[in-house]
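Single chain ahead, written as structure tokens, the form predicted alone.
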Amino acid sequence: MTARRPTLAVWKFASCDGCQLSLLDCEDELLPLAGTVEIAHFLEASSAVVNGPYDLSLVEGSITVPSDIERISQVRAASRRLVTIGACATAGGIQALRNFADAPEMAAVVYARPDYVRTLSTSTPISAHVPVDLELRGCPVDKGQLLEVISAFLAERRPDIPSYSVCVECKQRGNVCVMVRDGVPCLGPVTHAGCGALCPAYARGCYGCFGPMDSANMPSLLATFRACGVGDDGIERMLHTYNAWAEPFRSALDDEVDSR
């Protein structure tokens, strides 16, 4: 009797599909994986759908419309393990910038008939609505980390995902610190590793694509930014990106506004 293969499902909510494409970009790495799991639901790759329950669900995207709330509850109920992938699913994504503004007013500016638009006033991460087993950060996620998470969950072991900052990757790569040498503001000291310190390798500051670390020392970093000559507007621009609604960045922005 052939043993049942574990089932994998990939789901999309409000997002650009970039994290799902990261999985498809694995190409050769996907071939052995496809032989050990059954890809039961992955509309980016195939229209074939196998009904749940699923051993592992990967969820891309944020909750932005009323129907999303019910759908993510259904996905959670059908999934033994649920992992959110990317900045949209883990922090609300770039669309969470609406959370700092008047969403109905913005809709009125963009759409001729905003009354036809059914949307929430906020864009929120998946964890704000259902329990999540792991959050894999990035915009987009790193495909190596993504494969590690899938392999680990299917093998019933803990994923080996680094918890250190981009600064460690800079040291590993032999980069000279752009803040120390050039006075370039960089979010690397408070950002999860995962990109391989791509931007600092080209003398650019980190943009925080992989989201803030749990132990991010935001006051210290912002003080360093000010020493580099970055003003209030510059700090807001740096934090108002892919992970603006992540708690450490959001709290830092609130503290900045309160201190003025």
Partner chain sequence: MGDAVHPRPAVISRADLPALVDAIRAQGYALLGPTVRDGTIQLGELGALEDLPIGWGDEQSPGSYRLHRRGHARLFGWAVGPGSWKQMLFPSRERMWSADRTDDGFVIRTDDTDAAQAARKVAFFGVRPCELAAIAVQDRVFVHGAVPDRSYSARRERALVVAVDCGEPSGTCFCVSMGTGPSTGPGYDLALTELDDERGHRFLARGGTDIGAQLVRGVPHRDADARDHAAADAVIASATARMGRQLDTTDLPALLERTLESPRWDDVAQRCLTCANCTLVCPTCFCSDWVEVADLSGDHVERWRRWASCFTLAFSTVHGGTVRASARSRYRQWLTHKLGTWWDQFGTSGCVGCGRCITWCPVGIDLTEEVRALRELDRPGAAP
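Residue numbers count along the first chain shown, from 1. Remember, it's a predicted structure, so these values are computed and weren't measured experimentally.
Missing here is the form predicted together with the partner chain; even so, the following discussion is about that form.
- Stretch 158-166 is the answer when you ask which of 85-93, 72-80, 158-166, 121-129 has residues with heavy atoms within 4.5 Å of the partner chain in the model of the complex.
- In the model of the complex, the partner chain lies farther than 4.5 Å from every heavy atom of Asn51.
- For the chain shown alone, Cys139 is not a contact residue for the partner chain in the model of the complex, no non-hydrogen atom being within 4.5 angstroms.
- Although the partner is absent here, Gln172 sits close enough that one of its heavy atoms falls within 4.5 Å of the partner chain in the model of the complex.
- In the model of the complex, Val180 approaches the partner chain with a heavy atom inside 4.5 Å.
- If you take 197-216 and check each residue for a heavy atom within 4.5 Å of the partner chain in the model of the complex, you get Met213, Asp214, Ser215, in sequence order.
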